[in-house]
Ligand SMILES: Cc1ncc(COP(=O)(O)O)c(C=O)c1O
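Just the one chain here, the form predicted on its own, laid out as structure tokens.
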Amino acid sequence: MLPACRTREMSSFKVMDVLEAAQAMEARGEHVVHLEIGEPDFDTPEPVKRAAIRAIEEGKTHYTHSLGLPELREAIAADYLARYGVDVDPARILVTSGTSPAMLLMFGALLEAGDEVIVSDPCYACYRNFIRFVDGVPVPVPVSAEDGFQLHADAVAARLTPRTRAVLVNSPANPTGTLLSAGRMAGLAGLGTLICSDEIYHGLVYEGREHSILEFTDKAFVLGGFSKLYAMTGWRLGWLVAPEPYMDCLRKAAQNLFISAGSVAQWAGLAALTQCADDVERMRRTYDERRRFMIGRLREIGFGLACEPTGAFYVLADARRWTSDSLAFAFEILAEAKVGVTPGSDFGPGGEGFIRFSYANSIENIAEGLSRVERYLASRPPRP
């Protein structure tokens, strides 16, 4: 008897395939430089750790409200007001065990079988699988490096159908590290369809300013979280802001599927929002230093960069000088140079021929990894 097709037909997350292969090499005693994984290399800030310890010592280890601690939801709402001038009712905020459960709840509440969600191509690899998991249909709209990998309202409008339920945006974006401009966001909001905005990399911006979709429309779902900005990946804590008519269904789904997010992580998240501004700024400055170094070195090596990333911690570099098969190329670099990188094909057909490099690693490791790649490519002829 076969597993259900919703899991059988799910594509693997190729960056994890690379990481797992790299870990197997390390288990054999080989030294691998990791430029593939999008995980902060910083330790979680001290105020967060102290808040978690205090919550355990005070016995705050039981179920919380299914929507999350009232104190945390109020702090998230206050953060939206401070950052974007947007007044969000805490009753519209659902705290989850990371943004992945939030995404599952969001698409589960939005989509009937056959409903469509417009996504950019390339985009974060897991979006398509989340949509398909609830029997939805991802509809890709190509974006180009020359245009900053930005969705344009006209291109999206051309793909709208009676089955379109939402447009999914991600700014700053994975894998491109680019930001949607205020004008592009306003144009997308003006289409009148629901917007699902993944804002998990907000705060990690080095040039310009990020915008929340809530500055432009209330017809929006917003994904946010603590993993990236606060170096809290293992704490598994995120949130979803949703239009009020969806909240009762989301609450019931959260009760049934997850009960509540972890109580200790929620108290830690409250400390992150209210006590860690200096830690965040220190990490942001360090990422920016790494970003500038990586951009320069990739260009020296010969990778193409039509658009410089200004947010998150990724560079999507054009490797078509060497390959038309980014997956094979990534494993070739892993085997020969012992550097983990992510194939652009993981992010859709529009990413083919590109390689994603992560600068969520020390500048010393980035320098070593890129030097290894440079030495290997110097011995490898470009494509004819």
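As the structure is a computational prediction, the values presented were derived from the model and not from experiment. Each residue number is its position in the shown sequence, starting from 1.
Below, we refer to the form predicted together with the named molecule, which is not included among the displayed structures.
G262 versus the named molecule, in the model of the complex: is there a non-hydrogen atom within 4.5 Å?
Result no; G262 lies far from the named molecule in the model of the complex.
Is M185 one of the residues lying within 4.5 Å of the named molecule in the model of the complex, judged by heavy atom distances?
Contact check for M185: no, nothing within 4.5 Å of the named molecule in the model of the complex.
Does the 4.5 Å heavy atom contact test between S120 and the named molecule in the model of the complex come out positive?
No, S120 is distant from the partner.
The named molecule contact at G98 in the model of the complex, heavy atom, 4.5 Å:
G98: yes, in contact with the named molecule in the model of the complex.
Tell me, out of T217, T310, Q150, S227, which residue has a non-hydrogen atom within 4.5 angstroms of the named molecule in the model of the complex.
Exactly one listed residue reaches within 4.5 Å, namely S227.
Of Y287, W267, F303, Y127, which one comes within 4.5 Å of the named molecule in the model of the complex, counting heavy atoms only?
Exactly one listed residue reaches within 4.5 Å, namely Y127.
Can you check 170-178, 151-159, 207-215, 270-278 and let me know which stretch has heavy atoms within 4.5 Å of the named molecule in the model of the complex?
That would be stretch 170-178.
All of M103, D198 and R236 with a heavy atom within 4.5 Å of the named molecule in the model of the complex:
Yes: M103, D198 and R236 each sit within 4.5 Å of the named molecule in the model of the complex.
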